[in-house]
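In the block that follows, a single chain appears as structure tokens, in the form predicted on its own.
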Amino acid sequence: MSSQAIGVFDSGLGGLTAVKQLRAIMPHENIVYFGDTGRVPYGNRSAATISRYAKQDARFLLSHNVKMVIAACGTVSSTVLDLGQVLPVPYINVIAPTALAAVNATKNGRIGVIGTRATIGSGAYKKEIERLDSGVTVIQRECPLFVPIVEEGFISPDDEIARLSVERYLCYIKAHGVDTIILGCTHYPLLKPVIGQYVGADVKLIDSGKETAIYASKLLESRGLLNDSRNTGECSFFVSDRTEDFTSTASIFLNSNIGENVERVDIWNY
């Protein structure tokens, strides 16, 4: 058993949806979260830049003696394929557990994938789905406006900006008759009510943060690394830009107030 924290990083706030799921599934675990708010978004950057940023983010988490690193970022997960090879602790990205959940969920063999430009451009989800089941048809769509829409709080099914954006991006996927859609960015679960309203109740929406948290729990248990404390775990939050902006928006992702428990770090030092 280990009381060391689980390290989670993301390009900004989206990874907090994974933190929320980790806290629900493993309430006794301590968590260190880093959001690279000073360099967000990653989705429009080159692969070389994303790789450099991700490795700095991971090194920061390792400086806090974490027992696991989770890339709760679809962009990093799909483009930085060698990250796990350079880390001394177990590493998880969102691709494999999410793709597996989608393959298990589909009934008609038609899966939609939505994500940032970098995630969709990498084809990582498509490759992993087809590796798991070569008979599945994958329809992909990049949705670059979804991240800023979520971070501005435009997430209600009644919000015209959210509703029109979802219709604009998902009409192509909906027209292909998918019965399962991967929310391939950890921001996107906050748009689940809007997306669900548009595509209909019969379409299964796969939350990458939730599936990754489930997989992390199983991996920690298999390696004897779960925290055996009966106390509720603590969460520490770090960002690379203004803490005030993070604090005010984090409550939307976590459904709870994190107070003053946020520190700014100079990520260029790592």
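A quick note: this is a predicted structure, and the numbers were derived from the prediction, not measured. Heads up: residue numbers just count along the shown sequence, starting at 1.
One more form of this protein, predicted together with ligand DGL, exists but is not displayed; see below.
A.B. asks: Any of the heavy atoms of residue 98 lying within 4.5 Å of ligand DGL in the model of the complex?
C.D. replies: Looking in the model of the complex, residue contacts with ligand DGL do not include residue 98, since no heavy atom lies within 4.5 Å.
A.B. asks: Evaluate residue 60 for contact with ligand DGL in the model of the complex, applying a 4.5 angstroms cut-off between non-hydrogen atoms, and reply yes or no.
C.D. replies: Output for residue 60 is no: heavy atoms all beyond 4.5 Å of ligand DGL.
A.B. asks: Since only the chain is shown here, I'm wondering whether residue 43 would be in contact with ligand DGL in the model of the complex (any heavy atom pair within 4.5 Å).
C.D. replies: Residue 43 belongs to the contact set for ligand DGL.
A.B. asks: For residue 173, is any heavy atom within 4.5 Å of ligand DGL in the model of the complex, or not?
C.D. replies: The answer is no: residue 173 has no heavy atom within 4.5 Å of ligand DGL.
A.B. asks: 80-88, 153-161, 196-204, 67-75: which one contacts ligand DGL in the model of the complex at 4.5 Å, heavy atom to heavy atom?
C.D. replies: Residues of 67-75 come within 4.5 Å of the partner.
A.B. asks: Going by ligand DGL in the model of the complex, which residues of 154-188 come within 4.5 Å of it through any heavy atom?
C.D. replies: Heavy-atom contacts to ligand DGL in the model of the complex: 185, 186, 187.
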